[in-house]
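Below sits a lone chain in structure tokens, taken as the form predicted on its own.
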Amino acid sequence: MHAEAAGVMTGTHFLDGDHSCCEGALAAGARFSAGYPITPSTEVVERFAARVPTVGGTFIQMEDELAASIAIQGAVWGGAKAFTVTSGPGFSLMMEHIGLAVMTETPCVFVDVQRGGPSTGLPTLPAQADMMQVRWGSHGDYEVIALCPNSPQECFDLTVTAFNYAEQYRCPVFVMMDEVVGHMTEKVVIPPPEQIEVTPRRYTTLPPDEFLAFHPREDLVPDMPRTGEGYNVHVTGLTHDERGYPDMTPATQDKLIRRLQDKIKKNVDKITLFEEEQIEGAEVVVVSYGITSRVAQRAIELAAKEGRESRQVPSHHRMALPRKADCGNRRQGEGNSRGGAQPGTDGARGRTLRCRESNRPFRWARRRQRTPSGRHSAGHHGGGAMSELTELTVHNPVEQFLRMDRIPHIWCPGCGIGTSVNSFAHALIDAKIDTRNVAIVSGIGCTGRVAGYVKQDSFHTTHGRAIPFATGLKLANPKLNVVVYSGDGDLFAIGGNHLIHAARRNVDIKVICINNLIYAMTGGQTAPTTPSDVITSTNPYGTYDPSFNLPYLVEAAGAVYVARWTAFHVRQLARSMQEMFAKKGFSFIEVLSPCPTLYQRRNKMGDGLDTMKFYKEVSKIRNGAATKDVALTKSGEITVGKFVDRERSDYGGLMHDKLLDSLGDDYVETEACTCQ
């Protein structure tokens, strides 16, 4: 497939490397970018921000590099080709999301214009010190593809190649520039679009009932689904089976990680790009990449004048190549696939290397990971045998919205998360919206597992980053109703920065926050919402940190709809969710939920039923109450109701109006699924 003419600035130009990289991204079909200012990379997205509205795409400046590196992944699943740009310190912050892109097989491009370090280092001076980080920076076992241009012309050419590799192998690909190449200005020749080979996204041709989201073809690469087309895929950074369902068994981990590595390693000869110049007979061979390859050429010329035979191999590609000589030299005793784990052993399988296979504790641990029906359980609490559930004959109207093949769930008896999901399903029914266009995004924690049980296109992202992922998903695919369903710690502690900025922008996403007043999945630590005097594992003598008043915070940040209910108020909650679907802009519902296992028990407040009685007794419905007056205490009155319902232009509308006013007929509106 050839690039669209609208995105290609054909001709001979005088460009620096950063601008040339931008033109390569546009020519490759990139129509979404998220970034955060950092020297010396920002010129790439500054040019993209000016150019992309004229070809039907979007640029958004995020609040930090963490947000930028996951917003692009939301955009990819929304249908766009996407990239982000950064430099050393920002690249360090992006490492977790590089791992997410690897694990979820999200095709995207990271451009790193390298500068000197460590830390803030040399902001405007060159270095190539990020090469080890790009190879080993994110935790776990994986392979990467990284391309290293040495000129503005190669910045254009290799950026196109990077997008092609990303689509071909469904993985993140890196363009590793450096400050000199990024700021160097030279002649760049951009061919006509019909001469630029562009790899399209490989979408599945199977119907939804036959499609497995992570079932690979012969090339070890799965096809992509189209979000919003009824495939109801589940995407998670957890170890998963071919359906995308979490599966923590060693066999699944081993199979998945080896495939993710092999789809790169077995294609090294196709991927690796380099040039050789008269290396036969040379005493010294110089291997170099980036700006160093140009410096090395001068050194070779000087050496030749002194009578020394040396030749150069300029490399445009840098990755960890599989080395046949490694096998005999690897250190034993490392729990990974690099440092001693040979095929068939446990280095990449998620368990410690063992002295002998008959170790009883490991056999016992594996048995505990299974439910009475023999299926793997995704979490730390059971919910009853599947055989019992399959005997039920009464049809429940909410079953159509649930992944019944994943039941039993992991939540504790008495937890209110499942109750909220029931209200959510009823809201979907009553709202009469096209549920194919509903996408669920969750973070990490007990509530984060909602994405895995709701039968919609669902995305289980990283800790605290559900909102920027949802932002990218919505902006790349405006037809979607994007719902963020997560917990108070995920949204207001590690993810608090993102929530504030999404509310400020008024991005059209719906946020449901299950507030159990504690960090539950990690063992009962103090949360940003934990009231004073509550006992937690990290405040064993009672919490003294002031707690957030969530409705007050969200209203102040700019949300257009704010409500609070408890797990007792199921009908009112469903009605609020239905109203939220009809609202344009950033909407927020807080749902107070029992945590009988860790919050109630530790504070001698009874079980889940006792908490529901407490909610009934002390809750007062006060619609329109001033949010500054609805703060929570340990045992005081709980004010519930709809507090805020106002009109305000949403981010997509603001962007549309501003660009249309500025560009007139040159502005092309963003459409869903642009990377055909």
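Given the structure is predicted, the values throughout are model-derived calculations rather than measurements. One rule holds for the numbers: they count along the sequence shown, beginning at 1.
Here the subject shifts to the form predicted in complex with a small molecule, a form of this protein not shown in this document.
Colleague: Pick from E167, E179, D488, D112: which residue has any heavy atom within 4.5 angstroms of the small molecule in the predicted complex?
Modeller: Contact with the small molecule in the predicted complex is made by D488 alone.
Colleague: Let me know the one among M580, L592, V235, I518 whose heavy atoms come within 4.5 Å of the small molecule in the predicted complex, would you?
Modeller: If I apply the 4.5 Å criterion carefully, the residue I get is I518.
Colleague: Where does the small molecule sit in the predicted complex: which of 521-529, 503-511, 226-234, 267-275, heavy atoms within 4.5 Å?
Modeller: Going by heavy atoms within 4.5 Å, the stretch is 521-529.
Colleague: If you check in the predicted complex, is P149 within 4.5 Å of the small molecule, heavy atoms only?
Modeller: So P149 does not count as contacting the small molecule.
Colleague: Contact with the small molecule in the predicted complex for R243, defined as at least one heavy atom pair within 4.5 Å: yes or no?
Modeller: Output for R243 is no: heavy atoms all beyond 4.5 Å of the small molecule.
Colleague: Contact between T84 and the small molecule in the predicted complex at 4.5 Å, heavy atoms?
Modeller: No.
Colleague: Spell out, yes or no, whether the shortest heavy atom distance between E96 and the small molecule in the predicted complex is within 4.5 Å.
Modeller: Yes - in the predicted complex, heavy atoms of E96 and the small molecule come within 4.5 Å of each other.
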